[in-house]
Structure formats: C-alpha cells, structure tokens
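What follows is a single chain, given as structure tokens, in the form predicted alone.
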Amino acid sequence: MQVLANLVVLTAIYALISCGYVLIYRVSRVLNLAHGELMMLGAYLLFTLASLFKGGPELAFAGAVGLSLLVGFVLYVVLMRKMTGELVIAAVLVTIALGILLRGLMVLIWTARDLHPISVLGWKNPPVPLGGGTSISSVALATILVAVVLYLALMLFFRYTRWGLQMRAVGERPLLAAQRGIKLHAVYALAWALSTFSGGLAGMLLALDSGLGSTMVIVGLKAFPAALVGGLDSLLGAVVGSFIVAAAEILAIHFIDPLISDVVPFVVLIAMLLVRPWGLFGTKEEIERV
C-alpha cells in the first residue's frame, strides 16, 4: 500500500510539472527547456516572500503564485516574443540559455544551501494516515488535490472559455487564427504565464514537503520524459505519461536500486522514442515536423 501511495504522489508531482511543458508546446510548438529552473524560481520566490511576510503565510504563498504568473508573462514579452516566426530550434536554444542564466542567478542570490520554506511560513507537515500502516505527508496530499483541481480547471478552460478556444486554434493553425483576428502574442503570453504558474506551484509544494535546494531542477528535468511519453500536445497524455514514468521509477527504487531513480525516466523516454516518438496521445505529424 505504501508503494501505491508513493506512486500516486510522484505521479501528481510529475503531472504538475509536465503540464507546463504541454501548455507551451501545445500553443507555440516550442520546448521550454528552462521549465525546471522556472519551477525552482517559484520555490525561491515563496521562501523570499515568507521571510518578508512572517505574519502572513497565506499572503506569502498567494504572492509567490502571482509572481510566478507574472514571470512567465514577462519572459515571453521581453525574450520569447522576439523568437516568434524564427526556427523552432532557435527558440529551444534560447530556453536552454535562459535556464543556465536563471540557475546561475539563483545560486548568486540565494546560494546553494538547502532552505526550508515551511519552517519560515510556520506551517506543519504532519503525516496523514491512509490505513493499513500507509501514510503520506500533508503537503503530499495537498499536491495530489492541487494536481486534480488544476487539470480539471485547464480542461474546462480549453473547452468552454474564449481564451481557451483561442489557444487551441492558435496551436492548430496559427496563421488562420491570426487572419480571424486572434492576437497571437496575447495567446502565447498567456500560455507562458500558465506554464510558469503550474511549474512554480509544483516547485513550491516540493519545497514545502522536502526542502529547497539547487538539485530541484533535476526533478523538473525528469518530468520532461513524462510529458513526451504522454504526448507533448495532450494534457491527458501528460497525466498518463506521468503515471508511467512514476511507476517505472518507484518500481526501480523498490526492486532494483534507489541510485538509478534519476536514470529511469530517461530510459522510459528512450524506449518511447524508439516505438512511438510522438507519444501515446500526441499528434504524429506535428512531432515529425519538429
């Protein structure tokens, strides 16, 4: 039972992170390889605001979430907007450079030591018993609930809202969407804001549960195979891919060796690339074109 509980928690973490990869790729066909660094930046923002507003932990958390949205929007307006119309590989290389820059800046500002935002916020993280000797932490339970709510909200957003329909249209036929009056840059900026929001939220929850350090970016990188296994333009695929990668990792930890946990997601990724490179729910033609 404990293995199953750990699997659900890890699936929720990967689903929250891989959601950000899917949101940007689905709209602009760009792989944001700085997503792990942006996730870690959200966690550092939470620690900083928690230190500034020690009497208001809820305000600090809400402020960090809002800043994550703003960071994504500003990054698109200042940097990624200039990549519109350029080769996809050029935009991807820009995100790689952005990730390296962000990682260096975070080490300079916050140093590489481990931080614990939950203690600064004054919150507790007691275990939640699930029966049969199985338990998970309170933050882990919150992570599962947040992942479920976020995915339901995004699916309703894409299906029923004007902005969601515009994002789907831009992702499928950007030139036709622009001819119909849809503002491409506004849609792309929204995609980046939502992506950074989901990644930052995942980083904050991870930091609350297990602390914050420079190695957190590895977790963001491990979620990329989950997004690709499911299909880079499918939210449902992100959930399924997260489950597959998490299951492989948990089984490897329990039955082979915990030391290979960081390798397993990429073994799964290679296997999927050999069999179905566009992922389980991805669009074949678009992946092949990229």
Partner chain sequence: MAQASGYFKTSYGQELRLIETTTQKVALAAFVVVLLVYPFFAKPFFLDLANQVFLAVIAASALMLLTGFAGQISLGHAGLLAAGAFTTGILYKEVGAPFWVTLPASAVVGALLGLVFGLPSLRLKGLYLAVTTLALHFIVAYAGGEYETKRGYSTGVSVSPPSLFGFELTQGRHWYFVLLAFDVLVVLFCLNLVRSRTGRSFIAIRDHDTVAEALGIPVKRTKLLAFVISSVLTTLTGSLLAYYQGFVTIQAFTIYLTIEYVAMVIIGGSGSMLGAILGAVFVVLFPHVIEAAIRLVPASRHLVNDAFAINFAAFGLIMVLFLIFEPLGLVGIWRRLRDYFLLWPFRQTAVGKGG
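Residue numbers count along the first chain shown, from 1. This one's a predicted model, so the numbers in the text were calculated from it and none came from an experiment.
The form predicted in complex with its partner chain exists for this protein as well; it is not shown, and the discussion that follows is about that form.
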query	finding
Options 172-180, 130-138, 107-115, 197-205; stretch whose heavy atom lies within 4.5 Å of its partner chain in the predicted complex	107-115
Contact flag, A186 vs its partner chain in the predicted complex, heavy atom cut 4.5 Å	no
Its partner chain contact at Y25 in the predicted complex, heavy atom, 4.5 Å	yes
Non-hydrogen atom contact V267 with its partner chain in the predicted complex at 4.5 angstroms	yes
Non-hydrogen atom contact A246 with its partner chain in the predicted complex at 4.5 angstroms	no
Heavy atom distance at most 4.5 Å to its partner chain in the predicted complex, all of A90, L228 and P277	yes
Proximity to its partner chain in the predicted complex, single hit among A142, L165, L79, M155 (heavy atom within 4.5 Å)	L79
Sole residue of V65, L221, L235, I250 within 4.5 Å of its partner chain in the predicted complex, by heavy atom	L221
Neighbours of its partner chain in the predicted complex among 245-267 [non-hydrogen atom within 4.5 angstroms]	D257, L259, I260, V263, F266, V267
